[in-house]
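Just the one chain here, laid out as structure tokens, in the form predicted on its own.
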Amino acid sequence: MKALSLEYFKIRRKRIWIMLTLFLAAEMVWASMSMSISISRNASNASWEALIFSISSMNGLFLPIISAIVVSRICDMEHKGNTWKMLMTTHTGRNRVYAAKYICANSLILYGVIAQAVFIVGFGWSKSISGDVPLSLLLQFALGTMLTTLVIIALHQWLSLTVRNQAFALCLGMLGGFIGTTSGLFPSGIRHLLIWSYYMDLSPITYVYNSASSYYVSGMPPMGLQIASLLLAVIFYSAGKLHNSKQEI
């Protein structure tokens, strides 16, 4: 039984990797086409700031959905295979399994963020964007993206392990993608209450548009939002782990 479960987990992990890679490829193709058209229309858009901002804005759509699918695929094997009882016969406690799933999901998204950073550098070089590669901006981009992901995955894991029907978690992911895409239209007071908007709010690049001109501004993401993200991640993770430990198996 244990050998069969391990083999099933390996197959499931491979499928998740393939699914994640396909989603990332679709996002990068979209970003490549969008930036190529933008640069062809206005040469001033050929900048590292514009490229990083473009990926950050697309993450608001793609990553909530990707996170929901990844977490759902990692968690639903306990529901479908009824493996909690089998795990309880070993020395592996539910809290350790919960932590392992959380780390696994975040590591998969980290792989995606690293792939995005590599894409930014490669696309910039292919378009001969002037200036050195902005390593500090790329690090801030990766940090802001992962801080947001920590919260979203904690929330999705809580929901996915609590509710057997994974459609609820997937619907939340699609709703989060919609919010992340349209968050720039919300007032800041409302936007900061919606964690999916943090993909753009924690980006080191801001796009300023007014009637006179439009331009990109780079700077350190707000420290208050970074701290808020960490606190929310701790709250959602702790609440989900506590709730999961008290559920009947």
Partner chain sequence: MLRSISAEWLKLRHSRIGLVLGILPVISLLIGCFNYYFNQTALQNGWYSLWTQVSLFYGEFFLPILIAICCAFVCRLEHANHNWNMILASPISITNLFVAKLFTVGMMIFAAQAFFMFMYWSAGQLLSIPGAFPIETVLWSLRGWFASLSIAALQLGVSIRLKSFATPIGISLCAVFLGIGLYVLNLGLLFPYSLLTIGMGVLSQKGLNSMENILFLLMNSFFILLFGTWSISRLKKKDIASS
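Numbering follows the first chain given and starts at 1. This one's a predicted model, so the numbers in the text were calculated from it and none came from an experiment.
In what follows, reference is made to the form predicted together with its partner chain, a form of this protein that is not presented.
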- prompt: With the partner removed from view, which of 217-225, 49-57, 197-205, 179-187 is the stretch that lies within 4.5 Å of its partner chain in the predicted bound form, judged by heavy atom distances?
  reply: 179-187
- prompt: Does L143 reach its partner chain in the predicted bound form if we count a contact as any heavy atom within 4.5 Å?
  reply: no
query: If you check in the predicted bound form, is L232 within 4.5 Å of its partner chain, heavy atoms only?
result: no
query: Would Q166 sit within 4.5 Å of its partner chain in the predicted bound form, counting heavy atoms only?
result: yes
field: 4.5 Å heavy atom contact, S72 and its partner chain in the predicted bound form
entry: yes
message: Please tell me which of V118, A100, L139, C171 lies within 4.5 Å of its partner chain in the predicted bound form, judged by heavy atoms.
response: C171
statement: Residue within 4.5 Å of its partner chain in the predicted bound form by heavy atom, from L110, V133, L175, C104, is L175
message: Residues F23, F62 and I65 are flagged as a possible site; in the predicted bound form, is every one of them within 4.5 Å of its partner chain by some non-hydrogen atom?
response: yes
